[in-house]
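Taking the form predicted alone, here's one chain by itself in C-alpha cells.
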C-alpha cells in the first residue's frame, strides 16, 4: 500500500549551542538534543491522522521534516512514496502547510491581497490565481471579509486564511500544526467541522494534524499517534488504543443506602478486580462505586449477582469508557515510572 505519509526509524538531533566557557575550554566538544527518535508511523490516504503529544514532544519537528523544511539526522520519511531528502520539489507541489503563526502574513494587506502574494510565490498564473482565490474565499466562508486588512481579522478568521493559503496549490496532503491553538471553543469547533466535512469530506484531501488537545484528537482524527519526548508510544484508532492500554472493562454501580459492611464485602469479591468509591455523588443517600471486572469477557453479571445476594440494592449500572485524556496520561505515567521519575 502506498501511504500518504510513512516514516521508518526517523531520527532528528539538534546541536546544543555552546556557552562561551565551553568554546574556550572544550572547543571540540559537541552536545546534541534528540527531538525525534526512531519514529515509525503510517498515515493512509484520505484520512485525518493526528499526532498527539504535549508541548515539546517533537510534533512540529516531524511535520517540518515531512514538509521538507528540515532534514532528518537518520532514518527515512516518505510523502506519497517520495523520499523527503531526494524529492523536495515534487513533494512541495503536492502538500500544503498550515501554521498558526500570524507573523507569516502581511498585516497591512487584505486577506485577498495576502493570498495573491502567496500565489505569486507559488508561481500560480494571475488568471488561475484569481479563480482559485475566489473559490477558496467562498470555501472558507471569508468572501465578505476578503478586502479587510489582515490586522483587523479575528483569530478564527486568520486561521481560516491560513488554511486557504495552504490550499492554494490544490495539494493532495495538508499538514496542520495545531490549527485551533488560541481559538475560543466555538470557533475551534467550527474549524474542526470545516476540516472534517469540507477539506476531507468534500475536497477529499488527506490531513496530517498535530495537536495537544485531547478532545480535538478524539473528535476529529481517524487514527492517532501519541508522541512523547520524541518517541511514538502507540498508534491506532482511539478504540484500538483503548483496548491496547486498558483491556479491562469498568462499570459504575449506584447502590441505595448500602448497609454497614456491604462495601467491604464488595471489596473482597473474587469476581471483582479493582473497586473504588466515587466521591461526592449527586445523591446523598446513595453510593456510587466503580468496579473493574476480572471476567475474561468483561461481564459484570457475576458481580451483580453476588452484590444482590449480599442484600445490595442496585439503582443503576452502566459501563464506563476511559477518555482519551485518561489513556494519554496512562502512556505518560507509564513512561515516567519506567524512567524512575
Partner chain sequence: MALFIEKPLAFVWRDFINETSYKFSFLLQFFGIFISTLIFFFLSKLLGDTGASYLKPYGGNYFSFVLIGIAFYSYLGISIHSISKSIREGQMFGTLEALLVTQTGIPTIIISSSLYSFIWASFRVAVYLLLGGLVFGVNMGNANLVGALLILILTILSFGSLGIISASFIMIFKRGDPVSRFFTGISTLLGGLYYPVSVLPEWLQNLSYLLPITYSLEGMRLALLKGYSLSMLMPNIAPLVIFSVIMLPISIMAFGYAIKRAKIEGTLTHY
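From a predicted model like this one, the values you see are computed outputs, not experimental measurements. Residue numbers count along the first chain shown, from 1.
Omitted from view is the form predicted together with its partner chain, to which the following refers.
A.B. asks: Taking 160, 238 and 245 as the candidate spot, are all three within 4.5 angstroms of its partner chain in the model of the complex by heavy atoms?
C.D. replies: No: none of 160, 238 and 245 comes within 4.5 Å of its partner chain in the model of the complex.
A.B. asks: In the model of the complex, does residue 45 come within 4.5 Å of its partner chain, counting heavy atoms only?
C.D. replies: Contact check for residue 45: no, nothing within 4.5 Å of its partner chain in the model of the complex.
A.B. asks: Can you tell me whether residue 92 touches its partner chain? I mean in the model of the complex, with a 4.5 angstroms heavy atom cut-off.
C.D. replies: Contact with its partner chain, yes.
A.B. asks: Any chance residue 67 has a heavy atom within 4.5 Å of its partner chain in the model of the complex?
C.D. replies: The answer is yes: residue 67 has a heavy atom within 4.5 Å of its partner chain.
A.B. asks: Using 4.5 Å between non-hydrogen atoms, is residue 99 touching its partner chain in the model of the complex?
C.D. replies: Residue 99: contacts its partner chain in the model of the complex.
A.B. asks: For the chain seen here without its partner, which of 152 to 160, 134 to 142, 214 to 222, 99 to 107 has a heavy atom within 4.5 Å of its partner chain in the model of the complex?
C.D. replies: In short, 99 to 107.
A.B. asks: 122, 182, 259, 268: which sits within 4.5 Å of its partner chain in the model of the complex by any heavy atom?
C.D. replies: Here the answer is residue option 122.
A.B. asks: Could you spot which one of 130, 187, 113, 80 gets a heavy atom to within 4.5 Å of its partner chain in the model of the complex?
C.D. replies: So the residue touching its partner chain in the model of the complex, by this definition, is 113.
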